[in-house]
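Next up: the same protein chain in two forms, each one alone, written as structure tokens (structure 1, then structure 2).
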Structure 1
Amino acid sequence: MSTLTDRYVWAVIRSLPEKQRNDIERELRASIDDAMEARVAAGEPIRTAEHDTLLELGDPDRLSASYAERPSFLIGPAYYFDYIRLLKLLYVLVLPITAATVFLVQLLTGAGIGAIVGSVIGTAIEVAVHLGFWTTLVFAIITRSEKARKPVASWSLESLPERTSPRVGIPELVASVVFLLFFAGAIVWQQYNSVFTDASGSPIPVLQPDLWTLWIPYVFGLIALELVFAIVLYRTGWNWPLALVNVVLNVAFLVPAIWLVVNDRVLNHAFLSKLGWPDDLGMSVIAPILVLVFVGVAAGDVIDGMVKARRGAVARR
């Protein structure tokens, strides 16, 4: 039967490199025997002397790591901040994009609202767990690699965050993302689910199907850019460059939208006639209303951005 000392020594040396094992085992055994002997000489019974000696040496895994000069932490202090920064960045960028993609795909396949919410949340959790796990694994490996002992990315003064005020909070971010996803979803939805169907039973979309060849993909592109913009805005707060980007994004939507409306290329005539509206109503009433709404919303958004950028600039002074 092996003694406690045998078991302790084995626990220490089993994970050490082969060539160190013998030497460390011999030395450790001698040291344990010396310590026990000293305890017995001081009047302790041999049984408790072994106990106390081993207890004093402590956790064998810790001693083993100390011999092998292995780190006793998962992610070292040299990498900790790189690790946290990367995780934050991944979560802020990848999670919304994944959620948006799942949302659109579910919508396209005609899922119900419950199924959509369920799969968006489910996928988001799954992706979050994967991002966390793999990032942690990579950093744990880097921490254990021999050569790398300095930060992955060097910190610089340029990477200091802007002190921003007013800040863009989570509610604004969520509102923007939800609105954009709703907008994108509505465009997809109206193509496949309409209140009216034609003679063959297929739905009559509200928007002209021709728009799919260029303009609807273009709008989807803009929506993706707006999503990125909303995230950047959340991270940095309003400033003049972002206010300018906001103007560009608004113009990029407004100009083609007005041109399409004025040229009567937006609303589906088949849909309007199903509604029982006279054919010219689209151009004479709806078009001016649409132009007015587009211009109003865009102007409001641009002015809002400018005012907040100005306030931010004042706050930073």
Structure 2
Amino acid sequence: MSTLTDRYVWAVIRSLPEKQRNDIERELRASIDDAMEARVAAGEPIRTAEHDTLLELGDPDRLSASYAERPSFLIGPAYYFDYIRLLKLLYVLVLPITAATVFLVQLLTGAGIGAIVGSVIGTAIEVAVHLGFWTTLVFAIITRSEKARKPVASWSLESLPERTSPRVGIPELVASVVFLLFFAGAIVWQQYNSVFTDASGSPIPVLQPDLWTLWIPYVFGLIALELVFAIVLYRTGWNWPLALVNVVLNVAFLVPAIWLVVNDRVLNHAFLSKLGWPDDLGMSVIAPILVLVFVGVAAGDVIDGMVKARRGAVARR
């Protein structure tokens, strides 16, 4: 029959990795035995000594977490306020843009007011859930990283950091990761969800389906590289090599994107036709706008990286 000590030890070690259990069990039992012996020597009955010893050790789940050296919270205090600020910023910026876009598309398709309101609310809720989930996931992973588990030391003059490259903060890192994942998710979403369907009832995507043979997988590859770049940037800060990598990544996206737009290989003609737009509208209006947006965003990102790399070089002198 299991003793109270047996049950307590099992409650502590059951959630620990298998390779840690034996060592921690021996250590914990030795501590319990020593404490019980001291109490018995002081005149306590053995059952009372066991009870009081275990009670003094406290909640076995909390003790287990301390042995595992893992945080027992989702978002740690070091990142909580950055998490809240970023989440508010994403909701303030992304949700109104999403709602306005859905409203415009539904209006152009001639949907009734009820359908428009339902689509706007439904899409806004779906986007809000995704933004909250992915932002929380990234912050939770950061909280559980080795760096995040280190205790926060009290502030002192000696703890002031040296001047180094401009660092990328947690909000910038999470915003980059969430945006990239959101962008990838939007590409997949538009393929299987649409306000229009063909004769067979299948959704008509916004992007040309032929892009899935090469260019969309290529974009997903670039997104993966951008995720790695964002993490490296967070860990090292801006410098000239990373600024050059940033240029390469922007060019790798910009050149194929402009070529596809100029050759009218991005937007699905069947989708534009359902909207009732003229066949030449994509090339005469939408294409120049897309090119200007792509060039403007890429140029701004490259210039920003160059400026920050230069500041880092100056700071290290």
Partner chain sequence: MVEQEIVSGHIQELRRGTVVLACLIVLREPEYGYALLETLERLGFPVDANTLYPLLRRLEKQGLLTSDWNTDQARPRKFYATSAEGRELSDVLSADWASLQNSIRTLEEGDNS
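Every value quoted in this text rests on a predicted model; they were computed, and no experiment measured them. Throughout, residue numbering runs from 1 along the sequence of structure 1. Throughout, rigid core stands for the largest set of C-alpha atoms superposing within 1.5 Å between the two forms.
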Check: Which of these two chains, shown alone, is the form predicted in complex with its partner chain?
Finding: 1
Checklist line | Large Cα shift (2 Å or above) at residue 40 between structures 1 and 2, core-fitted | finding: yes
Next item on the list: Establish whether a shift of 2 Å or more occurs at the C-alpha of residue 11 between structures 1 and 2, with the two forms superposed on the rigid core.
Entry: yes
Check: Core-aligned, is the CA shift for residue 30 between structures 1 and 2 2 angstroms or more?
Finding: yes
Notebook entry, point to check: By how many angstrom is the Cα of residue 60 displaced between structures 1 and 2 when the rigid core is overlaid?
Noted result: 22.3
